[in-house]
Structure formats: C-alpha cells, structure tokens
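Quick heads-up: the structure tokens below are two forms of one chain, split into structure 1 and structure 2.
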Structure 1
Amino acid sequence: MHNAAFAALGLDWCYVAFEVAPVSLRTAIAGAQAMNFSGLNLTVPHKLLALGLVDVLDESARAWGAVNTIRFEGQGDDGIWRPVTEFDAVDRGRPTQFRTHGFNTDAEGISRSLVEDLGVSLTGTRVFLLGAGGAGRAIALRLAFEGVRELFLTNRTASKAEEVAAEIHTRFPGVRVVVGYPTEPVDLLINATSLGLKPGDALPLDLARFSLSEVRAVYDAIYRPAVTPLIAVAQAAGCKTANGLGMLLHQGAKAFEIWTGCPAPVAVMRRALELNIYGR
C-alpha cells in the first residue's frame, strides 16, 4: 500500500520489509538511520521493545505503550528538528544531529476504520469487545479515549480482561467498564481475539449468551480471511459488518503522513491492499 501511495504522489520512495531478530532491533534502527532512511514501521514483537530504543516518544506512543512507526529526524543550524527527508527536499544543508522519533498509529487506525467502514462514531455508545490481548487492550483503550459510554469486555483468560478494565478505570474514569457479557443491546461488537484466523476456528463468543439481534454493527479485527465465521453469522443476522482491513489501511495511512508530510491517498492504498491480500 505504501509503494502504491508513493507512486500515486510521484514520490521517488520505496517501502521494503526486513525480518529482524529482537536482539538486533537496536542495531537495525541505527543502521536504517545511518543509511538515511525516512522512517520505519515495526510489527510484532518489536512494538514494545522499541519504546525503550527511540530518542523521543510522541504522545501517541506514550499513551498506547507501543511504537509502530519511527521517523528519522535531523536538527538544522536553526536548532529545529525536522524529518531528515526535508533536508534533502529543500537543500537545508546537512543536519548537525540526528534522532529517532517514535509514534503509534494503530490506535488511530481503529477509530478511522470504525467511522469509515461502519459509520460508527464512538462517543456515547455501548460496545462489547471480545479479547484483551495485545490488540484487544489497544482497542479497549482507544474506545475509552474516544468516549464510549459503556464497555463490556471478555477474554478467555479473565484476569487479562480484569487488568484492562482496571487500567481504563484509572485512565478514563468516565467510562463504565464491565467484565462479562452485556445483558442489554449494544451498538457495536468487536472481535479482537485471534479466533477466526484459522480454518475451523470456533466463534469468539457464545451465541447462547449473546444474540446478534442485540447489536447493530459487528467489526472483526481479522482481515484474512475476508469473511470470518463471526462476520458470516453477523451478516446472516442482518448486522452491518466490517473486517480489520481498514485498521491495517489507516495505521498505514497515518504512518505515511508522518513520514512524508503529505495527505495519504487512502483510496489508492486500500485498492493496493485488496489486490495484495484478496487478489481482487
């Protein structure tokens, strides 16, 4: 999606993937910086490790406790820190110092996707969230940050749901968090467990305890397969549905904007993702 976006904007940039062992992360970041890269994305298992490896943390990375995007910056003669690419673009001379700036675009990706793909605006809503692992925690915190009214949380390992609930209670005291199934209808159901990734996976919730007629919109953070077992039953029940492709897209679009300073060509990026992931 990034290479399609660079092409669409006529930028002579290139996005490539490298497999890096956690023990080499520090060296890999320093190497990319030395080679004048514009920035990096980090994925599992590097997002937490990178928190302690970058020079400066953006508020987004501090708030979500993880770094998924790094921008390489330089300090000019005027003392101002800018993306290193700006030095090349306007011939400002060479930076006198360099630093790494860590961001997190995952959380914003979730909100943008819920708005764009489901038309859900979160403020004041009641949400049932399945899963309190890495993705589930981040989604729960973002929902609370966006001002949902009530959040129902479940997780196979209940203690993890309790921990996330306690964190929300401290950080967002205005949000009512309940660990367990809702007893009344909710506006949105989100699956943030990994159930649905593998063929033959069970549903991530017990339909005897919660009927899909009790919810308007269903979001599955999984994007491969495009139609998970949860999406299939939700569609059959007449719910509005979306899968997690939009989350992947929007975390990328936000990272693109951080590196380039240009608005991301979101439609081009979505098309590139669909072609690469679904082949159509």
Structure 2
Amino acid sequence: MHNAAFAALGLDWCYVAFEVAPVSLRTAIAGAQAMNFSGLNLTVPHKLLALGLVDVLDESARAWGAVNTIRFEGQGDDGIWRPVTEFDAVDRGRPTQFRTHGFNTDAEGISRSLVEDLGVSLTGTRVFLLGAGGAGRAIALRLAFEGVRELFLTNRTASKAEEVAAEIHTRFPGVRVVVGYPTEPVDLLINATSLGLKPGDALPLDLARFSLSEVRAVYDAIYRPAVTPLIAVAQAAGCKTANGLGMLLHQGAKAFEIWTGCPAPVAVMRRALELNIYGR
C-alpha cells in the first residue's frame, strides 16, 4: 500500500520489509537511521519493546502504550526538529543532531475501521476484547477513550489483562472493566490475538463459555486469511463481521502522513492491499 501511495503522489520513496529479532531491534533502528531512512513501521513483537528505545514519544504512543511507527528527525542550526527528509528542501543543510520519534497509529486505525466496516458507534457499548498484548492493549485503551460502557478482557497470560484493566480503571474511571468472559450479550467482540493467522489455529475464545449468538458484531484484527476461523463461525451465527484490513489500511495511512507530511491517498492504498492480499 505504501509503494502504491508513493507512486500515486510521484514520490521517489520505497517501502521494504525486514525480519528483525527482538534482541536486535535497537541495532536495527540505529542502522536504519544511519542509512538515512525516513522512518519505520514495527509489528509484533516489537511494539512494546520500542517504547524504551526511541528518543521521544508522541502523545499517541504515550496514550496507547505502544510504538508501531518511528520517524527519524534532525535538528538544524535553528533548533527546530524536522523529519530528516525535509532538510534538503528547507536549507540544503544537514542536521546537527538526530533523534527517533515514536508514534502509535494502531488505535486510530481500529476506531476508523470499526465505524467504516461495521458501522459501530463505540460510545455506550459493551465490548468483549480477546488479547491484551501490544495491539490488544492499544485497542483496549482506545475503546475506553471512545467511551464504551463495559469492557471485558481476556488474555492467555491473565496478568497482562489485569494490568490493562487497572490502567483503564485509573485513566477512564467511567468505564467498567472486567477481566474474564461476559455473562450477558455484548455489542461487539474483537480478536486482537494472533490465533487465526496459521492454518489449524484454534478459535481465540471458548464457545462453551460464550456463544456468538450473544454478540451483534465480530471484528477480527487478522486480515489474512480474509475469512478467519472466528469470522467463519461468527457469520454462521448471524453476526455482522469484518476483518482487520481496514485497521491495517488506516494505521498505514496515518504512518504515511507522519513520514511524508502529505495526505494519504487512501483509496489507492486500499486497492493495493486488496490486490496484494486477496488477489482481487
């Protein structure tokens, strides 16, 4: 989607992927900065680790507790920090200092996708969230920020869900948070775990403890395959469903704008994703 967006705007940029072990993340960030990269995206398992590795955290990263986008910046003689790509255009000079600036675009991405793809208005709703890791934590905090009435959290490691619940209780005291399965119907179920990425994965929830007939809409943050095991059983139960393509699109569009300073061509990016992921 990024390369399609660069081409659409006539930018001589290129987006490439690298596999980096967590133990090498600090070195990888420094290497990309040394090679004059404009910025980076980070995916699991790097989003939480990066909080302690960047020089400056944007309010979005502080608010949602994870970094998925980094912008490399330089400080000129005037003391102003700018994206490194701006320096040639600004004064043909070079920065005197450099820094890494961490952002989170996941939270905004999930909000926009839920509205566009499911027509869900979060204020006053009851939500069941599966997963409290990097993406799950950001989603949980965003849901609380958007004013959900009740939020039920589960995670493979229960202590992570309890930590997120405690943070929400402190920051958003008007939201009722329960660690565990709902005992009554909910408006929305969200899967923020990795279960469903691999063929043969189990469902991310126990249907013996919660029936999908008790939820109106199901959102799976996984986008490949298009129909995950969770979405398949949710559709069979009559739920309205959406996968994570919209979240991927909108977090990417926001990152594009952070790096380039240009409005993202969202329609171009969506089409590129659909062609690349689904071949249609």
Ligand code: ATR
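Just so we're clear, the structure is a prediction, and the values are computed from it rather than from any experiment. Numbers follow structure 1, counted from its first residue as 1.
Engineer: Of these two, which one is the form predicted in complex with this ligand?
Structural biologist: Between the two, the form predicted in complex with this ligand is shown as structure 1, not structure 2.
Engineer: Hinge check: of Ala165, Ser38, Val127, Gly109, which sits where one rigid part gives way to the other between structure 1 and structure 2?
Structural biologist: My reading of the hinge gives Gly109.
Engineer: Fill in the domain rotation here: degrees turned by the smaller rigid part against the larger between structure 1 and structure 2.
Structural biologist: Interdomain rotation between structure 1 and structure 2, rounded to whole degrees: 18 degrees.
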